[in-house]
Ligand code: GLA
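Only one chain is shown below, in structure tokens, and it's the form predicted alone.
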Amino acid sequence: MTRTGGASHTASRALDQAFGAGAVAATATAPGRVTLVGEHVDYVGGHVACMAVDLALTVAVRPSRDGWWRAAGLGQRVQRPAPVMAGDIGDRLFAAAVAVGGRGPAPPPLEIAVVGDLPASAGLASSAAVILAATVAMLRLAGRRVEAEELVAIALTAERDVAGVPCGDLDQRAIVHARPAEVLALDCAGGARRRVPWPWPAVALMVAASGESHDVGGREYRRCRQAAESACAALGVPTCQEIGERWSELEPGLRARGRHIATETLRADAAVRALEAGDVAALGRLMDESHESLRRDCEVSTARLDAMVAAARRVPGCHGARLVGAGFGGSVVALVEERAAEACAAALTAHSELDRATCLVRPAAGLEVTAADVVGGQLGGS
């Protein structure tokens, strides 16, 4: 990202403002993630078409002078004697330190600040982004280098095992492996990935926050995941890729969830084909179908998200729209011609709780590119 230097300075200044002048900080920036198609299938081994976007969080870290752990960001300022979870801004940041220490020397007590334009609780992977930015900053502070897959594993441990969020690895892999102007096609069962160029210079994604915050660690998300896992178990298949039309065999309480995970992973494959063919109308239809499945079968939409999606679809030049992320609030993403972006933004904002709800985003680079001094990997490969 071209703005990394300025973001690093802003994060370091925020650290000084929060806790006073101190040692020189190490910084790192991580982007957010948008899923084109493939929602609520990563934790049951599905296929996902996703990309990093040019909204990001930057973290600055430095050793604490007195042995206390401190964190500042999102209007919060916290401190505690150990990197334990307490339900505040420190959780993801301190979880990163615990996970880093689990795979090498433990970081010393740290002071940490977070800045950026990636909104929290908006379905854009802000939790994964802040953990990954903190992880890279801590590794940079220690002069350590890790392979890309190890970075994914550290971040997943931090969010899932330390912070207690029952997530899959979609967000971490997207944020690490993404490339500019490309969509990442992920197989969440075998770990394979490939990249597909974004084929439309005059088409972008309009992201619009609903103003309804979601919590991927909450009860509804856990219920959704448990139902998907139960559907696979009932059919005796290891992943949702093997379900096919067998979702109809499920008992009524699991049938809708089984249908979603079976059809959504197929839609992700079709989305990749649409990108390869340069068929923007086909990708838009798949995004529409994804939203309807998330609304009807997965039951993760809200009345406001549905209204925003419907409003975007009525705008000439909008090819499709859907909720993005876990649902239960968060954001809508619309596939839109740039000439129609202003009209689409107005339509979406009219149904949001926020006055400034929208941002036009494009595929951006992940940490394998932007933090190559810390993150290993084969930049030319898949």
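Given the structure is predicted, the values throughout are model-derived calculations rather than measurements. The first residue of the shown sequence is 1; numbering continues from there.
This protein has a second form, the form predicted in complex with the named molecule, left out of what is shown; the following refers to that one.
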Contact label in the model of the complex: residue 211 to the named molecule, heavy atom within 4.5 Å: no
Is there a heavy atom of residue 320 no more than 4.5 Å from a heavy atom of the named molecule in the model of the complex? no
Residue 325 versus the named molecule, in the model of the complex: is there a non-hydrogen atom within 4.5 Å? yes
The named molecule contact at residue 221 in the model of the complex, heavy atom, 4.5 Å: yes
For the interface check, one of 176-184, 160-168, 132-140, 272-280 should have non-hydrogen atoms within 4.5 Å of the named molecule in the model of the complex; which one? 160-168
Looking at the named molecule in the model of the complex, which residues in 21-35 have at least one heavy atom within 4.5 Å of it? 33
